[in-house]
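As a starting point, one isolated chain is supplied in structure tokens, in the form predicted alone.
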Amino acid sequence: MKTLLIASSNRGKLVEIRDILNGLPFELVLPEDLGLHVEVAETGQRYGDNAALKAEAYFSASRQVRPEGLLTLADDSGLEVAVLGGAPGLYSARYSPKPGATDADRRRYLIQQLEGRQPDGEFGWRASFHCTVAVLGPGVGLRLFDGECPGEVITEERGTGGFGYDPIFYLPEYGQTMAELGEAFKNRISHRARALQSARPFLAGLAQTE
């Protein structure tokens, strides 16, 4: 079975990706599982730029484990709120100015930025999650795959699943926040799920090669 390095330190993301890619013959590992420690400056102007930077950095580091390197998958994602001009966008994971900010801090800060702004959706403020997945490996040139999930930001936190902005990201068609959906369903319709589903045929082809 081939190894697929997930370029992240987030074990929750590993579980999510493993579920979405279920059935593909890969052993998914995190850098820490291999003793790799990588710092990547996310200086890109697009999600694809940052995903590519992470894929390249972790693929290069994986040569410490295997001379030719390991097949590597990285992603970058963000929440874009229409009335905030697309913010937090690329800075979603570091949106709060509070040092050592948690996901809850970032959600509170986002809601503060929306105070006094007229909601433009049926339930809150129109928003969309975006994700770009990058795949790079030995003999495999960089490939990018995109996914998007529209919804609305609401002020009341609902649900205990997921992470990040999930408790305040409401999906009107399902009548629930991303955090209320349950992992199995979320991993069918989320922005990351859609990007990974787009990448799945490519990954399946790589799994068949020697």
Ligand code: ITT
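Here the structure is a predicted model, which means the values were calculated and not measured. Take the two forms, find the largest set of C-alpha atoms that superpose within 1.5 Å, and that set is the rigid core. All residue numbers are counted from 1 along the displayed sequence.
Although it is not shown, the form predicted together with this ligand is what the next lines describe.
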Quiz item: Given that this ligand is left out here, which of G159, G147, G164, G69 has a heavy atom within 4.5 Å of it in the predicted bound form?
Solution: G164
Exercise. Only one of E42, D33, E183, E56 comes within 4.5 Å of this ligand in the predicted bound form by heavy atoms, so just point that one out.
Key: E42
Exercise. Flag S9 as yes or no: does it have a non-hydrogen atom within 4.5 angstroms of any non-hydrogen atom of this ligand in the predicted bound form?
Key: yes
Quiz item: Would K13 sit within 4.5 Å of this ligand in the predicted bound form, counting heavy atoms only?
Solution: yes
Quiz item: Even though this ligand is not shown here, does G137 get within 4.5 Å of it in the predicted bound form, heavy atoms only?
Solution: no
Self-check item: Contact label in the predicted bound form: G124 to this ligand, heavy atom within 4.5 Å
Solution: no
Quiz item: Taking this ligand in the predicted bound form, which residues along 73-98 bring a heavy atom to within 4.5 Å of it?
Solution: D75, D76, S77, G78, S92, A93
Quiz item: Relative to the superposed rigid core, does the CA atom of S198 travel 2 Å or more between the shown form and the other one?
Solution: no
Quiz item: Once everything's superposed on the core, is R188 shifted 2 Å or more at the Cα between the shown form and the other one?
Solution: no
